[in-house]
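The data below hold one chain only, encoded as structure tokens and taken in the form predicted alone.
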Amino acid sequence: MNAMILNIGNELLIGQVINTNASYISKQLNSHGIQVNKIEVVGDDKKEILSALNEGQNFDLVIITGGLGPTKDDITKHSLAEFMDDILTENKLVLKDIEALLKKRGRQMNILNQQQALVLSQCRVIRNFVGTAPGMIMKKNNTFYVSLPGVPFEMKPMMKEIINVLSKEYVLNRILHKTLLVFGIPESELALKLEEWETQLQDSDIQLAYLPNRNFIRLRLSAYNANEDIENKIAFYTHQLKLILNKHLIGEEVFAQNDDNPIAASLVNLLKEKGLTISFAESCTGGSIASIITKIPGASDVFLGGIVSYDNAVKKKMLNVREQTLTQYGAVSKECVEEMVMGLKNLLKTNITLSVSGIAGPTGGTADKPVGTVWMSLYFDDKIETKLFEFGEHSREYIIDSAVFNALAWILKKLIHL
């Protein structure tokens, strides 16, 4: 079964809202054996919507999000009615759902709320228990059309019902993805390292994808129409790949649950495996390192806490940074981060402590310490090591993200080679 995802909304086209719906729906469909062949975004324009709906007839399934609200710019239902040659009628069950939800929220029904109970007369309704816009399942010729709200927390609970409906109509193929996370080697060197192994894949019905980003590389093995033989082959090639990658392998990623930071997840897992604890003293990163770590399940086993010492007074009072150090060397200095790291180490007694202080910009830089200057100190294995990072005069977000990644990567490398 193949699918097209159609996301509707001017806010997506102008970049005001990030299109997370497409990513979520793609993962869900892939996980249930439905291959997504196209993702399209159109604005709140009837002509564009009708054109995209017509193109959808080239697919078995079209999932549509957006444009189901009560305001005049929400025209998806009317466009669908025209495309399906159908009419909108009030659905009594949907109306009751809307009334119940509004009553729970202490609100009165108005004419616009009531109009949201209008659905295509020939559709199958998908009830919405957290919002006022119902979903709809329709069929034209050989294509299923599914219309869902654009608000993610309303759309996501409806996907389960959609999968149930489709599984009764189709025999869904198995799609397998095995993703390994690779760290500490450039993509070009990795490709050369895997050249011989990759040649063996050519006649195996298994596809390999390199997915690099600024911080790490994903290697994804994929098989469509998977069977037991293909599953065994993926296991065999994955085992070989792990041996070749050796210490560059930092973990595996579950395809349908890859919202966590892979570097942070690998770090937490290694800390748990080795029975170590960690803490952070942060200045320019403002608690971002701790925030990423605490998003990982099981972080409470290894992360004891941290201090965001953004102001110098906090560095002095909480971390015992000396006034003389700040006066002579400044907050962004080797001397300051070393006192920060020992101050937190003495306070929380963790096995590993990292401190960071820098200039994230866009102001605050000097000739000696330009924007992008970041100092870090790491207490590890009863020793202190200090590094200077110069990220350049990029955006504030880029500098903070770079500092967070390099902090996590530094600790991860130490643990891998421990």
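All residue numbers refer to positions in the sequence shown, first residue = 1. Please read these numbers as outputs of a predicted model, since none were measured by experiment. Between two forms, the rigid core is defined as the largest C-alpha subset superposing within 1.5 Å.
Another form, the form predicted together with another copy of the chain, is not on view; read the next lines as being about it.
Colleague: Looking at 263, 241, 308, 120, which has any heavy atom no more than 4.5 Å from another copy of the chain in the predicted bound form?
Modeller: Comparing distances to another copy of the chain in the predicted bound form, the residue within 4.5 Å is 308.
Colleague: Pick from 327, 300, 164, 232: which residue has any heavy atom within 4.5 angstroms of another copy of the chain in the predicted bound form?
Modeller: Flagged contact: 300.
Colleague: Out of 233 to 241, 164 to 172, 78 to 86, 147 to 155, where are the residues with a heavy atom within 4.5 Å of another copy of the chain in the predicted bound form?
Modeller: It is the stretch 147 to 155.
Colleague: May I ask you to state whether residue 370 is within 4.5 Å of another copy of the chain in the predicted bound form, using heavy atom distances?
Modeller: No, residue 370 is distant from the partner.
Colleague: Is residue 57 near another copy of the chain? Define near as a heavy atom within 4.5 Å, in the predicted bound form.
Modeller: Because no heavy atom of residue 57 falls inside 4.5 Å of another copy of the chain in the predicted bound form, the answer is no.
Colleague: How about residue 228 - does it come within 4.5 Å of another copy of the chain in the predicted bound form, if we only consider non-hydrogen atoms?
Modeller: Result no; residue 228 lies far from another copy of the chain in the predicted bound form.
Colleague: I'd like to know if residue 220 sits close to another copy of the chain in the predicted bound form, meaning any non-hydrogen atom pair within 4.5 angstroms.
Modeller: Residue 220 belongs to the contact set for another copy of the chain.
Colleague: Quick one: 204, 245 and 269 and another copy of the chain in the predicted bound form, is every residue within 4.5 Å by at least one heavy atom?
Modeller: Negative, none of the three is within 4.5 Å.
Colleague: Going through 336 to 360 from first to last, which residues have a non-hydrogen atom within 4.5 Å of another copy of the chain in the predicted bound form?
Modeller: Heavy-atom contacts within 4.5 Å come from 344, 347, 348.
Colleague: After a core superposition, would you say residue 112 shifts its C-alpha by at least 2 Å between the shown form and the other one?
Modeller: It does not reach a 2 Å shift.
Colleague: Taking the rigid core as the reference frame, tell me whether residue 272 has a CA displacement of 2 angstroms or more between the shown form and the other one.
Modeller: Yes, residue 272 moves 2 Å or more.
Colleague: Just checking, between the shown form and the other one and with the core aligned, does residue 87 shift 2 Å or more at the CA?
Modeller: No: residue 87 shifts by under 2 Å between the shown form and the other one.
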